[in-house]
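Below you'll find only one chain, the form predicted alone, shown as C-alpha cells.
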Amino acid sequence: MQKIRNFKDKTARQVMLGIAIFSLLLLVIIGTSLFLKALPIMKEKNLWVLLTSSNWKPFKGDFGFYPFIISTLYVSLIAIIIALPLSILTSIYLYAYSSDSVKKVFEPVIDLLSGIPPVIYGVWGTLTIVPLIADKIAPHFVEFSSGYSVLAGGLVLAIMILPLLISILLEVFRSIPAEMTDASLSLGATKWQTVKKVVLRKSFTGIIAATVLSVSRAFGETIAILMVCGNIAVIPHSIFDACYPLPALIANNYGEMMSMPGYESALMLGAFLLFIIIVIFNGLSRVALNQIEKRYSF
C-alpha cells in the first residue's frame, strides 16, 4: 500500500513538473517563432532605426515603430491611472462597508461585465466616449479633436479592465485572516483605520500583482482600442490626438498587402515587440514584488 501511495505521489509530482516545463517551453516557442518571423526585416534594416523612426510607409519600405510603441504605452498608462484608484475604492467598499444585499447585487454585475466581449466595449466607446470627448471635453483644451484619441482608448480600456481588477482585489482582501481585522477593531481602531493600516498593508503585494495582470491585459487589448483610437501612425502629442497602438496595427493589417516586401516581417516584429514589452514588464514587476513582500511582510 505504501509503495502505491509513493508511486502516485511521484507520478503526480512528475506530471505537474511536466506541465510547468511545458508552460515555460510554450512561452519560449512563441517568442522564438515571432523572432524568426521578424528576422528578415531586422536583417534588412537597423533595429535601432526601426524602433526610433516615426516613418511608417510600407509602400516605400519604411517601417518606423516608435509611434506605435508610444501609443501603446500612453493608452495603457491612462487606463491604469483611471482604473486602479476606482477599483481599489470599489473593492474596499464591497469588502468592508457594503451590506450582504449590496454584495449580492454588485458582484454578479462585476462578473457579467468581465464577460462582455471587447467589441461591445468598442462599439459603446465609439457611440458615447468619442462624441463626448469631441464635443464636450476636448474643446476646453484644444482647438479640434475628432474624439478618436489616446484619451478615448484609455477610457475604454480602463472600463474594460475595471471588473477584472475589482474581482482580483476582492479575492486579495478576503484572503487576509479575519483575526487581523478583528484584533484591530477590538483595540478601538475605526473601520477606515483598519482598512488603511491592516487590509491595505497586508494586501499591498496582491494589489501590485493585480495591477501587473491588468496592465498585461491592457497591453494586448485589440478590438475595442482599434475602434476608438483613430489608428493614425503619428506620435500623439496630447491625449486628444489620434494614436495607433501595436495590437491595433497587427489586427488591422495582418493578412492584407502581404505581397509587399518586408510587410509581414514588419508586422511580426510589432508582435515580437509587444511580446517583449509584456515579458519585461512582468519580469521587472516580479522583482519589485519580491522586494515589496520583504518590506511589507508582518
Partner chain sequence: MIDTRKQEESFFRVLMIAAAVTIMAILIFILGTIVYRGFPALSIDMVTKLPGGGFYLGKEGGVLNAIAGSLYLIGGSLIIGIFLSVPPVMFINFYLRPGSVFAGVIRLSLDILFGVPSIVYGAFGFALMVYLGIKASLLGGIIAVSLLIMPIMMRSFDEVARLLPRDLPDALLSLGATRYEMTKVLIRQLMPGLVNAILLGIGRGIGDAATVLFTAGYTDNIPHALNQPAATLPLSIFFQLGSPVEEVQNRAYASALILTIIILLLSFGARYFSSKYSKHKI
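So that the term is clear: the rigid core is the largest set of C-alpha atoms that superpose within 1.5 Å between two forms. Owing to the predicted nature of the structure, the values given are computational and were not obtained by experimental measurement. Positions refer to the first chain, counted from 1.
Missing here is the form predicted in complex with the partner chain; even so, the following discussion is about that form.
Can you tell me whether residue 134 touches the partner chain? I mean in the predicted complex, with a 4.5 angstroms heavy atom cut-off. Outside the cut-off, so no.
- request: Tell me, yes or no, whether residue 66 is in contact with the partner chain in the predicted complex, where a contact means a heavy atom of each within 4.5 Å.
  value: Close contact is absent here: in the predicted complex, residue 66 is far from the partner chain, nothing within 4.5 Å, heavy atoms only.
With a cut-off of 4.5 Å between heavy atoms, is residue 206 one of the residues that contacts the partner chain in the predicted complex? The answer is no: residue 206 has no heavy atom within 4.5 Å of the partner chain.
Next on the checklist: At 4.5 Å between heavy atoms, is residue 189 in contact with the partner chain in the predicted complex?
Outcome noted: Heavy-atom contact with the partner chain at 4.5 Å: present for residue 189.
Exercise. Kindly indicate whether 49, 70 and 265 are, all three, within 4.5 angstroms of the partner chain in the predicted complex, using heavy atoms.
Key: Judged in the predicted complex, none of 49, 70 and 265 sits within 4.5 Å of the partner chain.
*If you check 80, 172, 159, 212 against the partner chain in the predicted complex, which one has a heavy atom within 4.5 Å?*
Exactly one listed residue reaches within 4.5 Å, namely 159.
| field | Heavy atom within 4.5 Å of the partner chain in the predicted complex - qualifying residues of 78 to 98 | value | The stretch 78 to 98, when checked against the partner chain in the predicted complex, contributes 86, 89, 90, 92, 93, 97 at the 4.5 Å heavy-atom cut-off.
- request: Please say whether, between the shown form and the other one, the C-alpha of residue 233 moves by 2 Å or more once the core is aligned.
  value: Stays below the 2 Å threshold, so no.
Checklist entry - Rigid core fitted, is the C-alpha displacement of residue 70 between the shown form and the other one 2 Å or more? => result It does not, since the residue 70 C-alpha is displaced less than 2 Å between the shown form and the other one after the core fit.
TODO: Inspect the rigid-core superposition and answer whether the C-alpha of residue 244 shifts by 2 angstroms or more between the shown form and the other one.
DONE: It does not reach a 2 Å shift.
Closer or farther: how do the CA atoms of residue 22 and residue 212 lie in the predicted complex, compared with the form shown, if the change is at least 3 Å? They are farther apart; the C-alpha distance rises by 3 Å or more in the predicted complex.
Between residue 20 and residue 213, does the Cα distance in the predicted complex come out closer or farther than in this form, changing by 3 Å or more? Here the pair is closer than in the predicted complex; there, farther apart.
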